[in-house]
Structures are given as structure tokens and as C-alpha cells.
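Considered here are two forms of the same protein chain, supplied as C-alpha cells in two stand-alone entries, structure 1 and structure 2.
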Structure 1
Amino acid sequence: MEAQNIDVIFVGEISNGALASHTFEIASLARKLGSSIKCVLSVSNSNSTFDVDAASVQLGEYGVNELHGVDCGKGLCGYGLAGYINRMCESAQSNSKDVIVVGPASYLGRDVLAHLSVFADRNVLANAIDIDLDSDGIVTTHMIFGGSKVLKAKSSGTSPQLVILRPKSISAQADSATQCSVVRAQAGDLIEAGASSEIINSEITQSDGPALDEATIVISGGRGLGSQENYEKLIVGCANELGAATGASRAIVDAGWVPYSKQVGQTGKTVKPQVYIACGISGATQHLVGMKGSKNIIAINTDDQAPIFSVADLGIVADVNVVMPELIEKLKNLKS
């Protein structure tokens, strides 16, 4: 496959009234894959506070050529978007273009790609961390066995090629500004009668600090803290001084110390901050896969053989319950 003959179509997503960060990550990746890049977004064209035109300007800075704002009405959103993207694929193929469709590893992205897989009769390469072109298809990179191994998978044959990309795998980098046109569309005719959905309730997880997957500094705690009270005193206390987000290992989430929304790891959130501080976390593979892409990693643990030190830039072999109070005190002194 040659980039100049490829249309890249990707699923964008809105989070808290703005484009989700993984939308820009996929856009950044798409630039190396095709000559025409199109983002498909689920919006309400008649009643929405989301500014599609402003979003098109943002996406243009990342090389996106078209933003399709698709209104699914009260129909099943994933089903409707998949039908719409399938039509886009058929149109591109009728013009002798190859197509790559990329969705994020989110509820919406997986829903859309699952339906599209059926419509297009193509397999999906899931949980990829990178995509490259091959002579007759694409090659995707995946982490397996909790991130301890990396493998390549190839998809060839008739397009579209379908891929689900893991968030935080690609660094979002703006390109020179591209004119991104807006296409407003309806998907109602693509949704079967009676296939409707309704949002009963929407709840945003409250946090005193920055969002975990967007923060530049993340402080996470594990079983080495000893108790939920120590998590609140040391991890939350230090985060307040640094303006950091708080995370956790799966062990203390399972123990009920903190909610699942704070879990970092393969079955939790993937984070990629400038600084990641792991406090009392041994570093099981499941946890490492969710944070080892951080730019600077600091680990505090009493076990000098703990796996967390294998990825740490700075390791402190000590009791976290001794180190953290001193750190918090020094931070307070610096502020004063």
C-alpha cells in the first residue's frame, strides 16, 4: 500500500465538551499512513453545545482534511457511525483508493469497529500501539503478556484495514495547518427502526486535581503504603503540593482503598506524564504496561529487586512511609 493512494478514516471522540486527547494522537499517526485524513465524530447537529467548526480548526493543525459531524439521532451511536464509515469506505474504494480505519480503544471506538467489521466483512487488529504500511497492507505493533513482549501483526488483502489503537501510544504532535472542511451528516437512515438508545444518566468522576490520563505529574500508591489512611495522607497530600494527579496499583483498587478510576495499568488507565512517582508499588507487569512510557519515572520501594526499578530513572530503596512525609514537608517549605 502506498500512502498517496490511502484514505485514513478515524473515529474521533468528545470528552467533557472538548475533543478527547486520543483524537489528536490518532490524527498524528494518520499523517504517515495516508494522503487524505478524515475524522468522524458523533454530534447532535440540531442541539449541541459542541463547536464543530472550532474542532475542525484544531484538527486542521494536526493534518486532518475533513471533519464529519454525524448525527445519529436517538439511534445506537456505534452502529450508526459504523454504517456511515462503511459508506465512506465504499465511496473511496469506488475511486480506487485503499482505506485504513482507526478507532480508539474506548467504549465508542470498540463499538464502532466491531460493527464495521461485520459490515465490511474484515477482521479488526485490536489494541495496537503503532501502525506502519506494508507493500500489500499494514503492519501493526502490539504489546502482549502484560507488556513484557512486543509482536507485529500484518493485515493484507481487500481494504478497509481496521485497527483499534491504544491511547497514549502515540505522541500528539501538531503539523503545519491544513484546511479542514466540515461535513454535517445524518445517520438516521442507516439505523434500523427500533434500534434506539437513551442516556439515562451521565456522571463525571470528581477530582480535586488534574485528570489522571492528562496530568503532567502523576503520583501513584501501592500496597507498600500499608493502609488507605496512608494513601490519603501521603499520596493525596503530596499531589496537592505538586498539583499532580493521583493514581494507584490494582492491588489497592481491589482492596477498596481507592476507586477504579485511579487504577494505572493494563486493565486501568495508560498514563504518559512528564514525571511518574511510584510509591510502594512493586511493579507487576500489569502495572508497568500502563506507565512505563512516562518521561521520568521515580520509584520508592523497600525491595531493591522490585520490578519497578527496571523502568525507573531514579530509584529510592526505602520505606515510602518515611520518605513521603519528609518530601511533603520540604515541598511545603519551598512554597512558604
Structure 2
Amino acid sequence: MEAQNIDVIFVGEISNGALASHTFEIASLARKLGSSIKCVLSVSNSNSTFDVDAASVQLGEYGVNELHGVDCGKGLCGYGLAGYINRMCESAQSNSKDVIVVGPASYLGRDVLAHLSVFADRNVLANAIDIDLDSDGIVTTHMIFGGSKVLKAKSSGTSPQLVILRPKSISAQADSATQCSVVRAQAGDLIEAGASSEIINSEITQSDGPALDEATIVISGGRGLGSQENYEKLIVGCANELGAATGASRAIVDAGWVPYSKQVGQTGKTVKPQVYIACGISGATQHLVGMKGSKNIIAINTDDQAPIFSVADLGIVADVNVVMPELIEKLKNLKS
């Protein structure tokens, strides 16, 4: 496929009132793949106050040509957005354009691409970390076996090509500013009655501190902490001093100490902070795949054989119950 004949349509997302960082990452990748870049954003529900015009200016700086602000009605927007994107694909194809649709590996992105795959009768390439063009299709790159191997897969044949991209795989880079036009649309009527849902209540959890996937410093805890109380005392306590975001291994998410939104790894978030601090985490491959792209890694673990040390720039072989209280104390003193 040739970039000059490709439309890239991608799923943008709003997180805590602003465009999510993966929206800029995908825009940056899209420029390499196509000549016309269109971002589709759900502006229903809690996002109704979102400033679409301001977002279009931001996206223009990343080379995006069109921003579609789509209202999908009262329920989950995956189905409606997919129906809307499917129409965009059909109209591009009727103009003899090839189409690549990219969504983030978030709840929304997976729902949209999954629904679109049914509309377009096309399989989805999931969990990709990069996309390249090929003579008769695309080549996607995936991390497999917990990130120990890099797999390249080729998808050929008729467009659209559908890809789910993992956040933090591509670095967001602004481009020479592009005029990004805004299209407002309704997709509620694309949702068949039997497939509709309704959000009847939205609780906003006040999160203090920076978002896990945007923070400069991330401090995560694992089973080695011993208890939920220790997570509060040692991890949250230290994060408060450092202005860090808090993360977790799956072991303690499954144990119910912290919510799933804190999970770092293969089935959780990918983080790439300046500094990642792993406390009482063994370093299973499924955890490593979510954090080993961090600029600097500090690990604290009593077991000097723990695999986390193989990726740590600073490895502390010690008990978290000894090191962390002292660290928190010293950070406090440093401030005052």
C-alpha cells in the first residue's frame, strides 16, 4: 500500500478532561502511514463539556487533518463509533482510497475496533507496538511471551486494515502545524435498539497525584509488601513525598489491595516514566513488559535472585519495611 493513497482513521480518547497522551502517539504514527489523518472522538456522556475546537488546534500540531466529534448517545460508545468509522471507511474506499484504522489498547479502543471488525468483516491486529506499510498490506510488530520476543505479522488483502496499538509504544512528536477541521456528528441512531445501553450513574474517583501513565516517577508495590496497610504506608506514603504516581503488580490487584487501574504489565498499563521504583515485586515477564521501557529503574527486593534485578539500574537487596520508612523520612527532611 502507498502512503499517498491511504486514509488513516484513528480513535482518539479523552481522559480526565483532556486528550489522552496515546491520541498524540497514534497521530504521530499515522503521519508515517497515510496522507490524510482523521481522528474520531466520542464526545457523549461525561465528555459533553469537552472543547472540541481547542482539541482540533492541538491535533493540528500533530498533523491531523480532521477531527470528528461524535455523540453516541447515552450508553457505551464502542458500537456507535464503530458504525460511524465504518461509514468513513466505506466512503474512503468508494474514492479508491486504502484505509488503516488504529485504536488504542484501552477499553474504548478495543470495543471500537472489535465492533468495527464485525461491520467490516475484517480481523483486528491487536496489541501492536508499531505499524509499517508493505507492498500489499501492512506489517505490525507485537511483543509476545511477556515481551521477551518481538513478532512481526503481515496482514494483506483488502482494506480496511484494523490495528489496536499499545499506548507508550510510539513517541508523540509534533509536526509542522496542519489545519485541522472539525466535523460534528451523531451516531446514536446507528445503534440498533437491542444493542443499546445506558449509563445510569458515573462516579468520579478523585485521584490525587499524577496519572499512572503520564507521571515522571512511578512507584509500584507487589506482594512483598505483605499487606494492603503497607501499600498505603510505604507506597502511597513515598509517592506523596516524590509527587509520584502509584502502581501495582497483578498479584496485589487480584488480592484486592488496589484497583485494576493501578496494574502495570501485559494485562494492565504500560508505563515509561523517568524513574520506576519496584518495591517487593519479583519481576515476572508479564510485569516487566509493562515497565521495562522506563528510563531508569530502581528495585527493592529481599531476594537477590529476583528477576526484577535483571532490568534494574539500581538494585537494592533489602526489606521494604526497613528501606521505605527510612526513605520517606529522608525525603521529608530534604523538603523541609
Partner chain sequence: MGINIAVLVKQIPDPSVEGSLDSSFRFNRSGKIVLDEADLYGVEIALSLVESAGEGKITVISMVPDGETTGVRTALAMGADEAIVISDSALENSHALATAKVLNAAIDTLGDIDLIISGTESSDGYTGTIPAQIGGLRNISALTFATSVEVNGDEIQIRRQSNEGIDTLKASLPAVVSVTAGVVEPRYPNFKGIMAAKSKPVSVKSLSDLGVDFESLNIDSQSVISIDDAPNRQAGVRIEDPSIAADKIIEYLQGTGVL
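The term rigid core refers to the most C-alpha atoms you can superpose between the two forms while keeping them within 1.5 Å. For numbering, take structure 1's sequence and count from 1. Everything numeric in this text was worked out from a predicted model, so none of it was measured.
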Between structure 1 and structure 2, the form predicted alone: 1
Displaced residue check between the two structures: residue 21, CA, 2 Å or over, core reference: no
Determine, after fitting the two forms on their core, whether residue 181 shows a C-alpha shift of 2 Å or more between the two structures. no
Residue 69: after superposing the rigid core, is there a C-alpha shift of 2 Å or more between the two structures? no
Keeping the rigid core fixed, what distance in angstrom separates the two C-alpha positions of residue 310 between the two structures? 3.6
Taking the rigid core as the frame, how far in Å does the Cα of residue 228 move between the two structures? 5.9
